[in-house]
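Quick heads-up: the structure tokens below are two forms of one chain, split into structure 1 and structure 2.
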Structure 1
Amino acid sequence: MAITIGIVEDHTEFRQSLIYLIASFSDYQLAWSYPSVEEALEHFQQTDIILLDINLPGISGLDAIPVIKRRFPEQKIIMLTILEDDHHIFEALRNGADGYILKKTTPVKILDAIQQVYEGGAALTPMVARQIMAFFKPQKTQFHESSSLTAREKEILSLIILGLTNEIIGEKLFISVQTVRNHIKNIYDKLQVHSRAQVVAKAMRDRLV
């Protein structure tokens, strides 16, 4: 039983090459292809996999994900894109995409990705995978950093996470605002961040507090 595939891709040439690729292997079977989300939504039926371009005229591929998923919650979707931009990746993942691969990916790897998603896995191109992983280890030197925070710095860090202002922190610790600010500067240096929001996110991700 061949894996059925639907395609939404406006770029005719690329769409044709995908169709040709799929037709070349009996393990895969093209169910339909459309150049826009609008046309696809009108006619499409559920397939094993949908290859969905991100940059489409009209409704974008990103916006199409929730619509498709609402109609067929089990529909598996692999995003095709030329962009490696953070925002698009995370948005696609948040919306429920099952894969995110770049158009420059070699044909055999595209089929690989389809196979992987069909088997219940997820397909990410290596560079995208790296960006996602980077979310879990924003700076790769966390061992030094966590241990290098002094007791006082950790204390102040925990108060920052509570959302206190420098002034309040100073009052709580019976030190001046300037001293608090100096400690915070040192914390920023050590953790390589430049704002409270960043330091809170990092501290919580790295379980420093």
Structure 2
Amino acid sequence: MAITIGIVEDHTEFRQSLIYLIASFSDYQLAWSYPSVEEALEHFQQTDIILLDINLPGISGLDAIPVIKRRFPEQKIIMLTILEDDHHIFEALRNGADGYILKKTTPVKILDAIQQVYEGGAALTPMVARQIMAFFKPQKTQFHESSSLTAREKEILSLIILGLTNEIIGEKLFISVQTVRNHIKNIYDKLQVHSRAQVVAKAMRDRLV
């Protein structure tokens, strides 16, 4: 079954290029596309993935995330933007975005990000992932939540931040996918979060790794 995609992008040429990209592969299906959050919400239909710009006329992409998530908690959202500063990345993840990729990302990598989030990962382009890691790397102070994590849980948390799926984490650490899931459940419980995006945002804010 094809992955259904919604697009909120006000730049006409870029929006059309995304529509063409999605239409070129049978594994993906465009459900709708709109130039503003207001139009998208007015005609909203839940999809597997939403590609959401940040700089939009009217309601911004950052402000739209919690609005959409309150109405449709299971809706997965990938920010697709030109903005690559720490503030926008952090705010998007804190608000509940499931991925953050840049518009200069190659078409193949955009499709990879869609697939990754669809499969339960947190899609981050390498540049964004590096910025996230750099954001808290200089800080050596460990908080209570971090000290409660085991060495293996911290290792898995670092890999989650890089956007890796459970399967890839298992391969890297030579453990089963079920063992990865068990560790992630423990991480969620200890940090009091409920999603990969939330755990990334908390790790960024509290410098947990």
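One-based numbering along structure 1's sequence throughout. The model shown is predicted, which means the values in this text are computed figures rather than measured ones. So that the term is clear: the rigid core is the largest set of C-alpha atoms that superpose within 1.5 Å between two forms.
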Item to check | Either 1 or 2, the form predicted together with the DNA | outcome: 1
Checklist entry - Does superposing the core leave residue 191 with a CA shift of 2 Å or more between structures 1 and 2? => result yes
Item to check | Threshold 2 Å Cα movement between structures 1 and 2 at residue 179, rigid core reference | outcome: yes
Checklist entry - After fitting the rigid core, is the C-alpha of residue 40 off by 2 Å or more between structures 1 and 2? => result no
Checklist entry - residue 200: how big is its Cα shift between structures 1 and 2, in Å, with the core superposed? => result 21.1
